[in-house]
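Quick setup: one chain, the form predicted on its own, written in structure tokens, and binding and motion questions come after.
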């Protein structure tokens, strides 16, 4: 009993001293609670469908940020990873009767292979050349899908895939909990020594290479990790929608994920996630406006890009928090001195 009380007090102290002191961390707690408690407030199938798809696309957007946001390897063909994950999971489930808990990870491994296929020939390219090269790969794969309709389903895609769970609420919880876990893992990767090297490669790859770091290995690692997480998102999408078709490889999907990342704030992980949960439901709930909803979507995106070029959620964080110039610890903006080193905050 004393041991339990000790850990409860320790947890309370951590929450009080590390979580509640920053608005961004409180916002993350509220986001977790919102995702986990949503089915208790509504059983509307349409609303649960929207937020389930938002969870899938949040994994997808965060995986793009892990690669392009942190390492600077601009990928305009990220739908390739999503598509191969969807097709891989669908084919394994349909032809080999592998259940979703097996087909989705295996489809993600196909995404890792796709990351290697793209990463190896693209290592010598930068900037516009890299972006155009990555853009070509999903178009090539889309051509192969149409060339072998007997295997891929052609324009109709692959249907009849097994559902993730019998009910919509169960599917929602499986996908949303996976989203919270996988996005937390991606954030942890970017907050580790590996993430620091990713960030350094984006800022000055030559300096990183001169310091003795094998940048080729880390860029390939970024491609593979990004492909893995995007492949999981694609597999979840295939089993949730029960179809894997050419729409999972379309160029528009690749550009959509770039919009989400830039809108929320690149190189943050939380920015693209927040952007998906803001923009995707917004577009869906504006269906009453019919043809005007895309115009409204474009207006909102342009407004943010004009006045918040670093992203909406990064801009909001900078407004409510301030970094200490001495120890680099973040503090709430209303503080006059740092909560750790007591240095004055300008």
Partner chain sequence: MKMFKRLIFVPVLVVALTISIWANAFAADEIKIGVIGPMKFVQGISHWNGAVMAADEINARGGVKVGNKMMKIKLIQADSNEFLSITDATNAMERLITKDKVHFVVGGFRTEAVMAMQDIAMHQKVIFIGCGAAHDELCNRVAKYYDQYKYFFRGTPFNSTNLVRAAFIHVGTVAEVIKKELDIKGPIKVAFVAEKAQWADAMVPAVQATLPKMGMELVGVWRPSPVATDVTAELAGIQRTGAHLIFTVFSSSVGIPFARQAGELKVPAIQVGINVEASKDDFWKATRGQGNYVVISATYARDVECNELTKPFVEGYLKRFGEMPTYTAGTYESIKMSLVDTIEMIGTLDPDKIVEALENRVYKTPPSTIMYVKDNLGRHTHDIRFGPGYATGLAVQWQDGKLVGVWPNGWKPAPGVEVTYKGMKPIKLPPWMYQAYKKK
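Numbering follows the first chain given and starts at 1. Quick caveat: nothing in here was measured; it's all calculated off a predicted structure.
There is another form of the same protein, the form predicted together with its partner chain; it is not shown, and what comes next is about it.
field: The single option of 159, 194, 170, 216 touching its partner chain in the predicted complex, heavy atom within 4.5 Å
entry: Checking each option against its partner chain in the predicted complex, the one that comes within 4.5 Å is 159.
task: Answer with one of 72, 246, 77, 100: the residue that has a non-hydrogen atom within 4.5 Å of its partner chain in the predicted complex.
output: The option sitting close enough to the partner is 246.
field: Any non-hydrogen atom of residue 319 within 4.5 angstroms of its partner chain in the predicted complex
entry: Residue 319: no contact with its partner chain in the predicted complex.
field: Proximity of residue 40 to its partner chain in the predicted complex, heavy atoms at 4.5 Å
entry: Residue 40 lies outside the contact set for its partner chain.
query: Taking heavy atoms only, is residue 146 within 4.5 angstroms of its partner chain in the predicted complex?
result: Residue 146 belongs to the contact set for its partner chain.
message: Under a 4.5 Å heavy atom criterion, is residue 186 part of the interface with its partner chain in the predicted complex?
response: Residue 186: no contact with its partner chain in the predicted complex.
field: Residue stretch of 175-183, 217-225, 237-245, 110-118 approaching its partner chain in the predicted complex, non-hydrogen atom distance within 4.5 Å
entry: Correct option: 237-245.
Residues of stretch 42-71 in contact with its partner chain in the predicted complex (4.5 Å, non-hydrogen atom): Read in sequence order, the residues that approach its partner chain (within 4.5 Å, in the predicted complex) are 44, 45, 46, 47, 49, 50, 53, 57.
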